[in-house]
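Starting off, we have a lone chain in the form predicted alone, written out as structure tokens.
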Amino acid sequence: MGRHYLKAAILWILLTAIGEFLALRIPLFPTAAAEEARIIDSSFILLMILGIPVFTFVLAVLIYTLSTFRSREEAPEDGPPVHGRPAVALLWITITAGLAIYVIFNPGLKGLAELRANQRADLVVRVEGSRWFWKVTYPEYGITAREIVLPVHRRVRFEVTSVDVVHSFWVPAFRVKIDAVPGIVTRVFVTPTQTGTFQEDYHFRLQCAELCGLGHSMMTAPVTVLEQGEFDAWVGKAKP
């Protein structure tokens, strides 16, 4: 049995190396245009790095078992029962339990702490969802719009609610997502790090991410991030 363990281990190491290489080299994420996007993307990368060896272990055992012990007879009979080693099972449980506990703290609790660390806001934007459109209000300026326009490098607090059913506030370029619940105001913070428009990059959009009815897929609103001077000019034009 020793040679089988060795061959399966070599296959596992090879598959793990390939998986880690692809995970770190292939661009898996859309445009990241906010500080929160960096935190969330790094969390996903860490989870992939930790999860790939577990996945490839199962895959390596499955591939090796099927290729080595598969019967070539037309009417194969059941083989003799094989009993595993308790030490191997204990090692597997210990490693996977340790990984589970680790990811609860990092990136779990650590990531949440980073996202919620700064409760200060330079700008408040209220977003109200209804079937099937978004209403955006800037209480500081008395502006109501059907689009989101933000200044770059300024921390924004979105206050999100709904007037009918549960919707979900989600901007792919910012990564953050929060439910819009009738009768409740939920809050999420975003700090844009680069300028952009929906016309240039479709990830700059507010998208409902909760199935809310026939018009769900069309429940979008453009998002624009501007330099501070351009944002001030937009405010001047948009004021009633």
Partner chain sequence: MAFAPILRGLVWGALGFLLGGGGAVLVRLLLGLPAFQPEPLITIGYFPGLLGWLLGVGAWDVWAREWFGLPVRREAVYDWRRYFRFTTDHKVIGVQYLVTFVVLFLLAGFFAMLMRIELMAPGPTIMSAGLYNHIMSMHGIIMIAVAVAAIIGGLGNFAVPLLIGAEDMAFPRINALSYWLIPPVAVLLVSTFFAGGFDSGWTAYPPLSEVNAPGQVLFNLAVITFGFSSILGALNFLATILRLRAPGMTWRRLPIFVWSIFAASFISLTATQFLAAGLLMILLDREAGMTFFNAARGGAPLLYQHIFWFYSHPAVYIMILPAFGLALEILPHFSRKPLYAYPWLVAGFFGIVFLSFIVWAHHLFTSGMPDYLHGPFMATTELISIPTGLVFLSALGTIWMGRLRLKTPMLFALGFLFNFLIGGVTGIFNADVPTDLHLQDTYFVVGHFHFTIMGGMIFALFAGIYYWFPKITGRMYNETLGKLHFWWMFLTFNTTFIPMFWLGLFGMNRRIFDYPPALGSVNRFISISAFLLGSSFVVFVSNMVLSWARGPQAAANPWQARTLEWQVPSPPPVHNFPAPPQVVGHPYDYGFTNSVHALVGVSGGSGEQGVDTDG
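Positions refer to the first chain, counted from 1. Being a predicted model, the structure only gives us computed values, none of them experimental.
A second form of this protein, the form predicted together with its partner chain, is not displayed here; the remarks below concern that form.
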Original post:
R120 near its partner chain in the predicted bound form, any heavy atom under 4.5 Å?
Top reply: no
Original post:
G108 near its partner chain in the predicted bound form, any heavy atom under 4.5 Å?
Top reply: yes
Subject >> Any non-hydrogen atom of P192 within 4.5 angstroms of its partner chain in the predicted bound form >> reply: no
**OP:** State yes or no: in the predicted bound form, is some non-hydrogen atom of A32 no more than 4.5 angstroms from a non-hydrogen atom of its partner chain?
**Re:** no
Original post:
Does its partner chain come within 4.5 Å of a heavy atom in each of L59, A89 and C212 in the predicted bound form?
Top reply: yes
Subject >> Stretch in contact in the predicted bound form with its partner chain, which is absent here, among 165 to 173, 150 to 158, 135 to 143, 121 to 129 (heavy atoms within 4.5 Å) >> reply: 165 to 173
**OP:** Taking only heavy atoms into account, state which residues of 194 to 229 are within 4.5 Å of its partner chain in the predicted bound form, ordered by sequence.
**Re:** Y202, H203, R205, Q207, C208, A209, E210, L211, C212, G213, L214, H216, S217, M218
